[in-house]
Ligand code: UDP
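A single chain comes next, written as structure tokens; it is the form predicted on its own.
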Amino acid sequence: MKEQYLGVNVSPLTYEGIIDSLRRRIERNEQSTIIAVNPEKVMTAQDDPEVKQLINEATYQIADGVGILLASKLKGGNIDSRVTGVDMMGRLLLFARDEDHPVYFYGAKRDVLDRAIEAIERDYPRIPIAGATDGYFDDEEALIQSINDSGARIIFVALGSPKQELWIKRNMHRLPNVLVFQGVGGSFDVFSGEVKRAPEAFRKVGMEWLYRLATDPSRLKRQLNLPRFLWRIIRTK
């Protein structure tokens, strides 16, 4: 049963629960979409009905943000662990390698994309890579044809949110053989080494946001969405 915060759905499934569910859906030839949900997106959805619809129509809305965990605790929910976008991508890469599902990468700058794929091929040996296209390729018809011709079953779209979710919504019916779509934001930057993740100690206690703020103070305005979100949750408890 999905939980809802300020009108936005969030799935309580863990990484393992999502993979198990995806395996069953793939067996039934059903398409699935994965979108990361954090307090910033929830607050954006309050003013943008299209963003709210994009989130709520997804198959899996993963709890990518400590604020979602706190909200679940305040509301007596069952979400007790984060499911981050970049780690979900990592689990899907393992799943693709182990069960031989070809993957496609779309988005980011060409050099970042190339380095991300190089790192993925090193860390996930024998993973079937169907193809890749950078985010600056602007011929959508040719891109759709390329993906269809590639035999991809899983696609990672890194265009930033909500652009990547809009692209998925617009095109998934044109990609009948792709069964798993994940919008991954800046995950290619992480896999390529372009962006460093917070140390594991910060991630374990859900303080990755604090590390990001300390290393990039320009994020302050975005991080203010966390107290705004929690205040709204408390008021609606």
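Nothing here was measured: the structure is a model prediction, and the numbers come from that model. Residue numbers here begin at 1 and follow the sequence given.
The following text describes the form predicted together with the named molecule, which does not appear among the structures shown.
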query	finding
Option from 144-152, 160-168, 70-78, 91-99 whose residues, in the predicted complex, bring a heavy atom within 4.5 Å of the named molecule	160-168
Residue contact check: Val103 to the named molecule in the predicted complex, 4.5 Å heavy atom	no
Interface membership of Lys109, the named molecule in the predicted complex, 4.5 Å heavy atom rule	yes
Residues in 130-153 close to the named molecule in the predicted complex, defined by a heavy atom within 4.5 Å, in order	Gly135, Tyr136
